[in-house]
Structures are given as C-alpha cells and as structure tokens.
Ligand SMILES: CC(C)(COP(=O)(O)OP(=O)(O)OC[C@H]1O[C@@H](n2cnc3c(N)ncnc32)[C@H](O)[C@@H]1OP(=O)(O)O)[C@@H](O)C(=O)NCCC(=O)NCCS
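This document starts with one chain, in the form predicted alone, laid out as structure tokens.
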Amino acid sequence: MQLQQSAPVKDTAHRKVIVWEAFDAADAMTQAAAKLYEQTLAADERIPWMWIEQSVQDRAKSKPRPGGWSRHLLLAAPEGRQDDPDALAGYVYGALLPGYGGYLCYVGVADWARRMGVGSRLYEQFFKVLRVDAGELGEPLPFVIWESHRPDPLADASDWENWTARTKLFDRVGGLWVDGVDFLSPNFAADEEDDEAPPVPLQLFIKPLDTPEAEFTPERLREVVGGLHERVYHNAPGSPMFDRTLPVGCEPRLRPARAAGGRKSERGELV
C-alpha cells in the first residue's frame, strides 16, 4: 500500500504506542481510521468502509454467532493521545475464521508514524487477539494469513521502496512469503456489473503459529490458498479466479518475506 502524507503529530516520536480495539463506529478515532484506510489502500484493493463499520457495531452488540467470523478493528496512537483523531498512527482489521485460521485483511500506518514501531505493534496485538478468540472456541490457531499488492514492474521507485519496506516489516513479525502463487482477488473499484474488470494479483504471507513451518508442504499450502478463496471470496474450484490462482502444477513454498521484496521485471523475474 502506498502511504500518503498526513499532518505531523508533534512530540510523539518517543512516546509508547498504545493499541486498542474499536467498539464504536461513530467514535472520532474510528472515523479517523476510515480516512487513513482510504489514504493507505488503493481503491481496487479495499472493501467499502461501511462493511468494517458494521463489524465494529456488531462486535459491540454481541458475541459472534457460532461458526461465524470473529472480526476486529484495532487502532494505534501514542500514549496519552488515544482520543485525538490527529494522532491516529495506524489501524489493522481482520478476523478469525473458525476451522481455518486467522485472516489479516487490512493494515495501514500514517506517514508521520513510520519508524515508530506502529506496524509491528499492530501485527503482534492482532495475533494475540486471534489467539484469545481461538482459545475461546477450543481451537488451535494454525496460522495467520494476509495479502499484499506488489507494485507494477513500471511503477515509480518510491512504490518499490515502500514495497521493500513492507516485506521487511513482514519479516520482523514472523511472516513468510507464499512463493509460487499470484492470488487473484476481486477488483473492488469496479462496478458490480463490470464483468470485464481485471482481478487484482496479490502476494500472500503466512505467520505459522500452532502449525510448524515444516508442515506447510506444497499440498498444505494449496489447501490454505484454496481455503482463502472459498472462505473469503466465495470462489470454488472451477471458478476462473480460483483456477488461475492455483493452476495445474502449482507448487507453492514458504520463503522469507524479504525475498518477495525485490523488483519484478516485465518478464516476471525478481531483480
């Protein structure tokens, strides 16, 4: 995601970063997250914010229904400024998918808050929250998976620098790249009736938790990737996006996240 310039927040560089969960969709900090969400994500990658707001409202009202997703919106700000919308440093949104694993949908950090450890704090707190969810269900948490959009080969150097920095963050939080898979997701910027809108190719990253890294064989990774299509995007085997993501002969493997950070040539080679 390309982070945009936002107003600097004074005297925050050395303050502790606090992360908490949003339970009020109308709260000023949640509304600030909506603005940061649009700044940090391209339109073709993001769902309507109202869907996230609905998740916040539903979580405040009651516990998730049995077997349903347990969704969370976590916010971050410097200590002492958790009520100041101008001090919102970042957000993360995702869910536990019972019987599958954790899915981190979106994360964003304000431009002024870079190099303050905000991204790492958001990831680590999100992992902890999902562990609690899984424990309440009496389930293991085998992994948390997330997607990220690699820039076009002809994108500006700044986009590639941002991508490289992002993959280094993934490394720091224990994420591994699912090499060998270009995950095709719907284009959310397209009109609902536009069947010709090209899908968005994404790279996948996994943090193994209760399942050891060694058990993520190519076969297991195909199951995980296929499960993401089926559980999140409702694409079954035989559908175009599913089959193009996992073509015959696909042999995904886990590699360090930083290995995905290289620039990709027009011929598809990492350089």
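Just so you know, these numbers come straight off a predicted model, no measurement behind them. Don't overthink the numbering: it's just position in the shown sequence, from 1.
Form predicted in complex with this ligand: not shown, discussed below.
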With a 4.5 Å heavy atom cut-off to this ligand in the predicted complex, the contacting stretch among 74 to 82, 141 to 149, 128 to 136, 94 to 102 is 141 to 149
Looking in the predicted complex, is this ligand within 4.5 Å of a heavy atom from each of 174, 178 and 206?
no
Picking from 86, 161, 182, 124, the single residue whose non-hydrogen atoms come within 4.5 angstroms of this ligand in the predicted complex is 161
Hey, in the predicted complex, is residue 70 touching this ligand, heavy atoms inside 4.5 Å?
no
Answer for residue 117 alone: is it within 4.5 Å of this ligand in the predicted complex, judged on heavy atom distances?
yes
Should residue 221 be classed as touching this ligand in the predicted complex when contacts are defined as heavy atoms within 4.5 Å?
no
Contact with this ligand in the predicted complex for residue 155, defined as at least one heavy atom pair within 4.5 Å: yes or no?
no
Could you run down 81 to 111 and flag each residue that has a heavy atom within 4.5 Å of this ligand in the predicted complex?
107, 108, 109
